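Okay, here we've got a single chain as structure tokens, the form predicted on its own, with questions on binding and movement later.
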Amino acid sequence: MSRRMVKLIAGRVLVALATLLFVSAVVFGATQLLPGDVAQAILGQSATPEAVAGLRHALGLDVPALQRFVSWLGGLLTGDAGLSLVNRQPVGDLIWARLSNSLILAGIVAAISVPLALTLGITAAVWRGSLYDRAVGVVTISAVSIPEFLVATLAVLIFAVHLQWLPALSFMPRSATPLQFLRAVAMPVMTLSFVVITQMVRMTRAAVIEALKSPYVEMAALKGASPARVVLRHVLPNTVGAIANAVALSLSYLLGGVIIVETIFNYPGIAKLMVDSVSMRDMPVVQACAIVFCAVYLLLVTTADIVAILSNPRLRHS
């Protein structure tokens, strides 16, 4: 690995860390501007001002915002996200219990979406202009214009209401069998995969078409290389960075789509925890969930950047 490559990778990591620090300040400030008072929400509307003030003091909500931010940020750096204001449980425990469910859902979506989308995108690029390419283009452009909540609603109407093949809500008891688990996650997975695949196909196709126009690809074809050899030996190795970015950006759509999907299907993931915490004004949980979403997004984008740097032959030999 060349020195220039090391500097570029280190720069990407430092930018990601600085972005995460900036976003933590924005998230903390934004949650302070949300309407409502958690102390009032816990005690109810009939609580006296003295009781509300006493609970705010007990929860540390009367401390200046800057002091609370410094304390909260220091806790995050040491792995302590604080306590929930509603049930006084560690925020880390609440998030971890839900994060594992969201990771399972995201893993299944990625395992289905990435191979299928890459196959459709690469083949559509290789056979560009054909009836197959036009069909893939029409389907993806039509699908990308449909919002996640509409896809989820249509899935419920078709598969849960009319056909009655799948449950409308993703209820998973601890003793669920593998078949019950698959039935519970089937519609959330279908909804998220539908959105992710359409984005990834379009970006992958564009990256491969750009590589097919390169002079070295034309030279390989003129030398008599078969189409399969041209794609496998010359096109794909030189589009690893672009395809990695396409995969990372497409999977990042999960961060927005999962909030809608988990809410509609009542899936017990971290996004549902965040939505419930916003309604209860449980700010430590909301802040920690937002930081997790931001960290996952930065991890995806930074990983794609590093893959693009490592796959660049000019950087490897410079």
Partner chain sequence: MSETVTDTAPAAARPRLRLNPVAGLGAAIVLTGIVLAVFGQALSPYDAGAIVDVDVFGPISRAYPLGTDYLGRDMLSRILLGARYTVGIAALATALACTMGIGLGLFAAVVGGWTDSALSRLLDALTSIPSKMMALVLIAGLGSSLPILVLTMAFIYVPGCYRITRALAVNIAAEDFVLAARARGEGRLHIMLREVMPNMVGPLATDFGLRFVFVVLLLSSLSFLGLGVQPPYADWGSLVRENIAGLSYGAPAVVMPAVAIAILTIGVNLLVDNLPGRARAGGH
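Residue numbers count along the first chain shown, from 1. Keep in mind that this is a model prediction, so the values were computed, not measured.
From this point on, the text means the form predicted in complex with the partner chain, which you will not see here.
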Just one of 177-185, 152-160, 87-95, 110-118 has heavy atoms within 4.5 Å of the partner chain in the predicted bound form; which? 152-160
Any of the heavy atoms of residue 303 lying within 4.5 Å of the partner chain in the predicted bound form? no
With the cut-off set at 4.5 Å between non-hydrogen atoms, does residue 253 touch the partner chain in the predicted bound form? yes
With the cut-off set at 4.5 Å between non-hydrogen atoms, does residue 309 touch the partner chain in the predicted bound form? no
How about residue 166 - does it come within 4.5 Å of the partner chain in the predicted bound form, if we only consider non-hydrogen atoms? no
May I ask whether 10, 14 and 100 all come within 4.5 angstroms of the partner chain in the predicted bound form, judged by heavy atoms? no
Answer with one of 266, 67, 279, 48: the residue that has a non-hydrogen atom within 4.5 Å of the partner chain in the predicted bound form. 279
In the predicted bound form, which residues of 139-155 put a heavy atom within 4.5 Å of the partner chain? 141, 142, 144, 145, 146, 147, 148, 149, 150, 153, 154
